[in-house]
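Before any questions on how it binds or moves, here is one chain, the form predicted alone, in structure tokens.
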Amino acid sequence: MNILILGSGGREHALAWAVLQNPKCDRLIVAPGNAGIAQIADCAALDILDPGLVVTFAEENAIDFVIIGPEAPLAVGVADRLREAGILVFGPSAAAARLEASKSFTKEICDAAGAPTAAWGHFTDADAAKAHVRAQGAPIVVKADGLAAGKGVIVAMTENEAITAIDDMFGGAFGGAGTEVVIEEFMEGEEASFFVLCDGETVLPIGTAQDHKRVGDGDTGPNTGGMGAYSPAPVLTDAVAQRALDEIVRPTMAEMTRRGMPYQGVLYAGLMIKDGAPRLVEYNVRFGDPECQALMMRLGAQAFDLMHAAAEGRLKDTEVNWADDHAMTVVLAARGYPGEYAKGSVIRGLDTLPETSFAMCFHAGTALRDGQVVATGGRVLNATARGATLAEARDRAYAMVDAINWPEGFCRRDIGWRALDAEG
């Protein structure tokens, strides 16, 4: 099969790496890709936010299957146009992608489905939002309603922090995503990510992970797009996962179908778990980044078969074969991230890293210039490894980190600390 993956980050590098292991893959194109992806697949300069261009490219290149990585192409209807053209695609329609593109829409769906989530309010006016904060008190959570690349969430521990967040959002800090805000109660517990595949009818769990959103060790500093992740997440036990399926995911999918927008693709449920009870924090309509890197490291070649089955509506006859293993990914970011950071610094030592089924460095924000790999984004590399234990996966991942010569970069040194403490 000829396969096209849309995207340019670490998630897409991991997806490409897994797809290439499957013998069904004849040719792989990634658009636009990055320096790491270019080492394993063909890259194409393509505007992935233009549905018509994507369809034309797929037709001209005899593409059999399209995997959409990021949320933005889904929100503008790329999957819809591909389906209209008769091209098999993995990813939800624009209508279904509102589960991520609009937080207020998600809250309305949860209310209709009876899915447990935080109490909330939706505001289009800064003064009304501030009045709500003063009435509720802190801690409280302020979210940009639209897509903000994983950064439009402020967990405010004081009322002043919340007021500042409201001013920032309505002031344009997150562009159009912040013209409306959702304000939620602060939920206590441990957060984890639950991934399921959906084909419009069947829901198939495919893995759990735990992300580290704060920029600094000990979960300190501002929120980021994610500084590292590990899989599986111990807090998401079989019993908790079953409750999440029965009380949150399946009712949501049923409500989406009832509204005429059946969901097909991967659904990422961010959950807050306290005393064994899960509540929904948010939905994402694509694989998390960097959680995807840990999941792909564990799934390998079967990842393609699972996505293909979801696209063709065959999930009821599909199983996931999990090894009893663990994976960890550590994000290397440019100094200054998630604030201002420099671009163009040279990264050395990448050619010394292992490239095996147990250790891979996935590229996120990189490009090749004058024969050298340079940093072009905030989150730049994902040192990813698996092992029989999480400690073994951690040791392999950080060995790769230490072999990379990039003074302009940094990482957290405590990824997986909760599970590692429990593991002893």
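Note that this is a predicted model, so its numbers are computed, not measured. One-based numbering along the sequence shown.
Missing here is the form predicted in complex with ligand AMP; even so, the following discussion is about that form.
Ligand AMP in the predicted bound form comes within 4.5 Å of a heavy atom belonging to residue 103. The closest heavy atom approach of residue 184 to ligand AMP in the predicted bound form falls within 4.5 Å.
Interface residue remark: residue 298 is not counted as part of the site for ligand AMP in the predicted bound form, having no heavy atom within 4.5 Å. In the predicted bound form, ligand AMP sits beyond 4.5 Å of every heavy atom of residue 247. Among the residues 240, 261, 133, 118, the one placing a heavy atom within 4.5 Å of ligand AMP in the predicted bound form is 118.
Note on contacts: among 180, 80, 282, 255, the single residue with a heavy atom within 4.5 Å of ligand AMP in the predicted bound form is 282. Of the candidate stretches 330 to 338, 163 to 171, 135 to 143, 84 to 92, only 135 to 143 contains residues with a heavy atom within 4.5 Å of ligand AMP in the predicted bound form. With contact defined as any non-hydrogen atom lying within 4.5 angstroms of ligand AMP in the predicted bound form, 213 is the only contacting residue in 194 to 217.
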